[in-house]
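Just one chain is shown here, as structure tokens, and it is the form predicted alone.
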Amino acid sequence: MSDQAHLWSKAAASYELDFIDPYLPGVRNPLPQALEELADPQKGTAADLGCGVGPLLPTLAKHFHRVLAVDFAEGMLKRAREHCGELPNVEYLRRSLTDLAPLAEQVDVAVAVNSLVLPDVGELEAALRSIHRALRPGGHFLGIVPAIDAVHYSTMLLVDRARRADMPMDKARQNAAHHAEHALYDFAFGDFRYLGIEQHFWQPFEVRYRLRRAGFRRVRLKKVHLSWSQFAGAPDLKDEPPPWDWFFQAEKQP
């Protein structure tokens, strides 16, 4: 097991507490509606790529005939089985997203929710190519990726909050950097490191660029409007529009 797979396995025990949740009731998430529109419970195959602890598996099991729950971290798959083991049409596979060769052209709908976070660009692009190969011609790829531009947005609001409290600009910036946890980010390259886990955060233009390079077409983006309740130091920002992640939908050439 790679170091990152080991660290993600350790993180499985407290995953819901430590990571942003796009499924909370207060989140405006385009993914459920998109899956409903693509549903094929009679013969469709869906793959949850980087399924984590399995929050999406019941939805996929309802909408598709066969569901593949894929993750490279055994700890994540263990929790997914514990939560969703009663679902008869879900199969669990421990694989890296960079090597989905056994799934070649078996998948109608692939979903990757906050799993396309590989910090190495070469591995990230290899994962996208692997996902493209796993899809049948005309298949759909849906996902959510963490947004680095949303961190800049939150930082702006935190600076303005400090300025309203009459902080000098240098102190306002320090205050914003502390509450937005800038020490965990490399903003130039979109990297984020927490609990030893390394993740890549995305710019919207990068989503389009990398998906097209991997062979996908008709790439569409929408915001996943998150909940302020998940962000430390932000209770008094609740009247502002919330931060976001990026939802995408793309297709493989028929």
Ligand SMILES: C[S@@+](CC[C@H](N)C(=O)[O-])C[C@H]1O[C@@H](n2cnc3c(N)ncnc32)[C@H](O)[C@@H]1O
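Predicted model only: the values in this text are computed from it and were never measured. The numbering used is simple: start at 1 and walk along the sequence shown.
Just so you know, the form predicted together with the named molecule exists too; it's not on screen, but the next bit is about it.
Participant: Even though the named molecule is not shown here, does it sit in the model of the complex so that 106, 139 and 253 each have a heavy atom within 4.5 Å?
Facilitator: Spot residues vs the named molecule: no contact at all.
Participant: I need the one stretch from 182-190, 45-53, 58-66, 211-219 whose residues put non-hydrogen atoms within 4.5 angstroms of the named molecule in the model of the complex.
Facilitator: Looking at the partner contacts, the answer comes out as 45-53.
Participant: Considering non-hydrogen atoms and a 4.5 Å limit, which listed residue (128, 162, 150, 76) is close to the named molecule in the model of the complex?
Facilitator: Among 128, 162, 150, 76, a heavy atom within 4.5 Å of the named molecule in the model of the complex occurs only for 76.
Participant: With the named molecule left out of view, choose which of 80, 158, 118, 90 has a non-hydrogen atom within 4.5 angstroms of it in the model of the complex.
Facilitator: So the residue touching the named molecule in the model of the complex, by this definition, is 118.
Participant: Using heavy atoms and a 4.5 Å limit, would one call residue 247 a contact residue for the named molecule in the model of the complex?
Facilitator: Heavy-atom contact with the named molecule at 4.5 Å: absent for residue 247.
Participant: For residue 113, is any heavy atom within 4.5 Å of the named molecule in the model of the complex, or not?
Facilitator: So residue 113 counts as contacting the named molecule.
Participant: Can you work out whether residue 174 and the named molecule are in contact in the model of the complex, taking contact to mean some heavy atom pair no more than 4.5 Å apart?
Facilitator: Because no heavy atom of residue 174 falls inside 4.5 Å of the named molecule in the model of the complex, the answer is no.
Participant: Looking in the model of the complex, any heavy atom of residue 84 within 4.5 Å of the named molecule?
Facilitator: Looking in the model of the complex, residue contacts with the named molecule do not include residue 84, since no heavy atom lies within 4.5 Å.
Participant: So which residues in 87-105, when you check the named molecule in the model of the complex, have a heavy atom no farther than 4.5 Å from it?
Facilitator: Residues within 4.5 Å: 95, 96, 97.
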